[in-house]
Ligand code: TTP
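There is one chain below, alone, in C-alpha cells, taken in the form predicted alone.
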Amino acid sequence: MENLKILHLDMDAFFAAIEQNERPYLKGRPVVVGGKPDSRGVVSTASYEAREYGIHSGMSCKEAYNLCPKTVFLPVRMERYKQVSRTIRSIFEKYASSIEPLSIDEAFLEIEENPVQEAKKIKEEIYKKTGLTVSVGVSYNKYLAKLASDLEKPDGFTVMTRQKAEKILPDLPIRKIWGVGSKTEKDLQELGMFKIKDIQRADVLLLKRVLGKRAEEVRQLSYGIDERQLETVQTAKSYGEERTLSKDEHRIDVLRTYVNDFAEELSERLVRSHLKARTVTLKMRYDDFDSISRSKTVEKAVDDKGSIAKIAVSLMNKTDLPNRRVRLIGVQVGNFLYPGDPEQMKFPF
C-alpha cells in the first residue's frame, strides 16, 4: 500500500481572503491587496473574483485598476496576516510529525498515521478557527502533493495515488513539472515538447541540450519520482523571507517592492529577538530555475528596515536584471550579533 504521508497545504488567496472574511461586504467582489491604483503599489494578492479579470500578483495596481475599475484596493496588513498564519501553524503542529514552511500561507506536512483522514481534520479546523479555505494535496512525495493541491483550487482536496499520477501526468502541460519555467518551457516547445508525456518519451541527450545537468531530475519528475525529504526548521541561524511570484517578473521597481516588504518583516523579527545581523543575502530564482544568491557582510550589524533594504537592493543591482525574468525572490539575514556580544568598532585612523 502506498505511503500517502506527504501533505501540501496552500491557503486560498490568503491576504485577500482574510480581508473578505473580516469585511463581509467584500465577499463576492474583486479585491486587491497591495495599495492604491494611483500609487506605485504592486498587487500582493488578488481575490479569485479579481483573477477572473486577469489580475495577478506582481502586477502594478494601476494596471489592475485598468483591467477592472470596480476592484476594491486595500493596503497590506502584514501583522494581521502573520497573526492568522500563526493560528494556522498551531493547527499544523497538532497533527504533523514534520513541517516544512514554504511561506506565510503554504507548507508541507508529514503525517505518519491516517494522513488522509488527518488532512481532512486540518482543513476543517482551519475553516472553523479562521473562516478561511485551504487547498490540500496528499501524496507520497513533495512534488505530487504540491501538484495535487493545485488541481482543484480554491478549497480543494486531492489525493494523488501512484495510479492517479500515472494517469494524469502524461497529458499535463510541461509547465506543471517542478523546475520548468517560462523560458525552459519555450525552449522545450521549440523541440516539439508540449506535454509531460513528451518529456517521458524524449531522448535524454536532447533534454540535456535544454536542461543541462537538470535533465535527469526533470525526467524523473515527469514520472512522478521525487526523493526529497521535508526540510524542517531547526534553531534559527538566519531569518529569511521569500516569495514565488505568480508571474515571472523582470522590472526592478516591482522586485524592489518585494525587497522592501521583506526588509520590514525581517527588521521586526530581529528587533523582537533582540538580534542584529552582519550579513544580508539576496536570493533569486530565474524563470529557467537557475538560482543565485548574493551576500554582503557589513562591519556594523543592522536591524532596521532601511539598512536591510538598501543592502539587498545594492545586491540586486549586481544581477542580470532586467535581462532575465525572476520567478522567486527572497532576502535573508544572518551572522547574528546577540545581546551582550562585543561589537567591532571602527576607529577613524
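Keep in mind that what you see is a predicted model, and the values were worked out from it rather than measured. Residue indices: 1-based, along the sequence shown.
Here the subject shifts to the form predicted together with the ligand, a form of this protein not shown in this document.
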item: Residue (of Ile104, Ala96, Val218, Ile122) lying close to the ligand in the predicted complex, criterion heavy atoms within 4.5 Å; value: Ile104
item: The ligand contact at Glu19 in the predicted complex, heavy atom, 4.5 Å; value: no
item: Exercise: Tyr48 in contact with the ligand in the predicted complex, heavy atom 4.5 Å; value: yes
item: Lys153 within 4.5 Å of the ligand in the predicted complex, heavy atoms; value: yes
item: The ligand contact in the predicted complex: Ser57, any heavy atom under 4.5 Å; value: yes
item: Interface segment, criterion being heavy atoms within 4.5 Å of the ligand in the predicted complex, picked from 308-316, 286-294, 61-69, 48-56; value: 48-56
item: Interface residues of 13-51 toward the ligand, as seen in the predicted complex [heavy atoms, 4.5 Å]; value: Ala13, Phe14, Phe15, Ser44, Thr45, Tyr48, Arg51
